[in-house]
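So this first bit is one chain, no partners, the form predicted on its own, shown in structure tokens.
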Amino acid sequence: MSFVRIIRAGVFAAAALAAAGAQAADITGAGATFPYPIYSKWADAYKKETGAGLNYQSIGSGAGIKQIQAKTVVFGATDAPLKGDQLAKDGLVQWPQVMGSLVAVVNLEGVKPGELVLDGQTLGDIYLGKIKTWDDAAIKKLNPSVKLPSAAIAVVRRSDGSGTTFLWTNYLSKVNAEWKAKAGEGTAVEWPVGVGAKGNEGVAGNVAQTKNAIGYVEYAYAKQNKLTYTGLVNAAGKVVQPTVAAFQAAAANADWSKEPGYRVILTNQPGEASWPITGATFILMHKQPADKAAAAEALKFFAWAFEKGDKMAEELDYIPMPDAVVKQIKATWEKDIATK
């Protein structure tokens, strides 16, 4: 069974993470689809080691924020970090749990992963509907040796409120002035063109099934589903491929203490080796949880993931948080989250 088919069930697949043998109430969370592959892997290993289950609903960052605000879950997850004033208003604590990267994925006959190269200006123009066919002069200029069809580009984008969309549109707003003026950035925007699909799962599935399509997904989804990703031209003007080294290069100089809630956006970072669409995925919890015992159990899971989950993250091409940042995050938990 393909990875897309396994995880497309969303909530139902998430519930299966905490199947037989749970001895206590599961840790409940909801939100971003971006980190679902690694949260799933961590949850399985944690269950085997501790007997404690994780029920994570992969429903999108926007829905995850609403659920934690409504206190219907112990934690929310978002790839679009909340600003300090919003955190204060809602009584929330926010921290980055792991980093990952987005890739453009295409379904073009005869084109191999990484063979096609795009830049931010061209991506923005495709999503604006200005570039309509694969043999457009702008794409051909970037790919003189790639055989490009004259077919219309089938644009795929997210239909739900999405932190993945936030990262994608934040990047496009930095590299394409017309995109910034007409569509801007956010977890949801007024898309000029395209067919919507729900979750990273939905976009991956749609691109896989649609000839001449383009979409954007977290890299783990592209890798697991054997989708054809593109190379990108980064801020230094260099063509880069999605690799752990390129993701790490983008994250290398991040200052996580600069804003409340560790709010750092890693798109279009400088450096010749940097992958241009990299970002962290964040956890949200209440300072005064409705169920303090459940909050304490959730923090045990996240501490375990920091301490024992790095190798699993790297196997899926996520980037673990630096040790110094983890130390800061644990201090934040001690200071700001009431678990007793």
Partner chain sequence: MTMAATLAPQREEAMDRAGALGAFRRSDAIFYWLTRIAALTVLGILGGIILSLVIGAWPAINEFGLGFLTTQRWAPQLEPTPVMGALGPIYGTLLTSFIAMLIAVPIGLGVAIFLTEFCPMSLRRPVALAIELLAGIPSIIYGMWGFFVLGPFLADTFQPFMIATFGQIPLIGAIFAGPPSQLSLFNASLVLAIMILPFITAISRDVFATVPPVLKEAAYGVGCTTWEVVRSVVIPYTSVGVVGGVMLALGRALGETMAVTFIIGNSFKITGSIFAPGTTISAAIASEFAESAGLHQSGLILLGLLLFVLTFAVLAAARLMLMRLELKQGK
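Just so it is clear, the structure is predicted and the values come from calculations on it, not from any experiment. Residue numbers count along the first chain shown, from 1.
Keep in mind that the form predicted together with its partner chain is not shown, yet the notes after this line are about it.
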query	finding
Three-residue site Gly60, Glu190 and Gly202 fully in contact with its partner chain in the predicted complex at 4.5 Å by heavy atom	yes
Proximity to its partner chain in the predicted complex, single hit among Val240, Ala183, Ile126, Ile265 (heavy atom within 4.5 Å)	Ala183
Candidate from Gly231, Gly161, Gly120, Gly261 lying within 4.5 Å of its partner chain in the predicted complex - any heavy atom	Gly161
Its partner chain contact at Asn225 in the predicted complex, heavy atom, 4.5 Å	no
Interface membership of Pro113, its partner chain in the predicted complex, 4.5 Å heavy atom rule	no
In the predicted complex, Lys132 touching its partner chain (heavy atom, 4.5 Å)	no
Ala252: touches its partner chain in the predicted complex, heavy atom cutoff 4.5 angstroms	no
Candidate stretches 206 to 214, 242 to 250, 141 to 149, 85 to 93 - the one whose heavy atoms come within 4.5 Å of its partner chain in the predicted complex	206 to 214
